[in-house]
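Before any questions on how it binds or moves, here is one chain, the form predicted on its own, in structure tokens.
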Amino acid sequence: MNAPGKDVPKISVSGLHKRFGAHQVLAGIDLEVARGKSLAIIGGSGSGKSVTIKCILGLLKPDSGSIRIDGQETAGLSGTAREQQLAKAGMLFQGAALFDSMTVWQNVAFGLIQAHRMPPVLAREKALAAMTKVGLEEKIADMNPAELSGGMQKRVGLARAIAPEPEILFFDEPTTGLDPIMAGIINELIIERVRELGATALTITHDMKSARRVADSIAMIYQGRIIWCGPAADVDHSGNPYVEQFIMAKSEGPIVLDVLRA
């Protein structure tokens, strides 16, 4: 297969719909992320951020719409084809989502061993290298995640995401539950590691400070659609009343009015 042209978006989503019973979560999501760029999707709880990222990852099957990675349609892929697409990606889950039954290095090496079939000895070396890149010392490698602070657990999750040196990195609420100092550290680590890998990044967050810091562009999702997208530097003067209300955390505005009408 020929390599995709440089102008082909790394991630392209068009007309994405997803319903759970009577609840329409996604109602036509359209977005693109250029290769090597970072996009943050903002929006309130239940707006469809997590469902969008799960559909892109293939963890959920959309009802309709297109999801292209490097120009290749991936919506509905299964088996080996889906595994090949997943191998391109690394994911930092909300709350780190570490395995309590595994040591720190085993958590970091999980994808290397399971998805990339790497021998454990080599996987441990790669895991330790990834840990170093996020500021974790080798001496914690054989500890259990429960022995670590929340900030350290988040770093372990980030080390796991970058260990396979993926082409795409997904970040699910990367600063949730962290104090402002640790949140800032995680933001800087994300920026550094994404740049080092030359990866494409997609972050979902309600933390505007994090979105402004880690992303080149920001998109806002509301009622299952992208209602605004633009450079991160423009989000504070978007001219969109929904975006303005969200980023300023105003109690009054169109979002509240829509809730009241519902």
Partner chain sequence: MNGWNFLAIIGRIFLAFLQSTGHLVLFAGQALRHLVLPPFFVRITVQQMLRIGYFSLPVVGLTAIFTGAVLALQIYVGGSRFNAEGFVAQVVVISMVRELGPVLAALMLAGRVSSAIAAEIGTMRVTEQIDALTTLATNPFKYLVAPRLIAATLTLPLLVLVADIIGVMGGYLASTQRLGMNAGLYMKSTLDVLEMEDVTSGLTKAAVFGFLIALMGCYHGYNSRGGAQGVGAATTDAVVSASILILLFNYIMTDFFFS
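Residue numbers count along the first chain shown, from 1. All of these numbers come straight from a predicted model, not from anything done at the bench.
Absent from the display: the form predicted together with the partner chain. The rest refers to it.
**Student:** Spell it out for me: taking the partner chain in the predicted complex, does every residue among 208, 238 and 242 have a heavy atom no farther than 4.5 Å from it?
**Tutor:** Answer is no for this spot.
**Student:** Consider residue 132 of the chain shown here, and say whether it contacts the partner chain in the predicted complex, taking contact as heavy atoms within 4.5 Å.
**Tutor:** Close contact is absent here: in the predicted complex, residue 132 is far from the partner chain, nothing within 4.5 Å, heavy atoms only.
**Student:** Residue-level question: is residue 149 within 4.5 Å of the partner chain in the predicted complex, judged on heavy atoms?
**Tutor:** Contact check for residue 149: no, nothing within 4.5 Å of the partner chain in the predicted complex.
**Student:** So in the predicted complex, is the partner chain close enough to residue 117 to count as touching (4.5 Å, heavy atoms)?
**Tutor:** Judged by the heavy-atom cut-off of 4.5 Å, residue 117 is in contact with the partner chain in the predicted complex.
**Student:** If we define contact as a non-hydrogen atom of the residue within 4.5 angstroms of the partner, is residue 71 a contact of the partner chain in the predicted complex?
**Tutor:** Residue 71: no, not in contact with the partner chain in the predicted complex.
**Student:** So if I measure heavy atom distances to the partner chain in the predicted complex, which of the stretches 136-144, 123-131, 108-116, 183-191 falls within 4.5 Å?
**Tutor:** Partner-contacting stretch among the options: 108-116.
**Student:** For a quick check, can you give me the residues of 34-54 that have a heavy atom within 4.5 Å of the partner chain in the predicted complex?
**Tutor:** Result: 54 alone.
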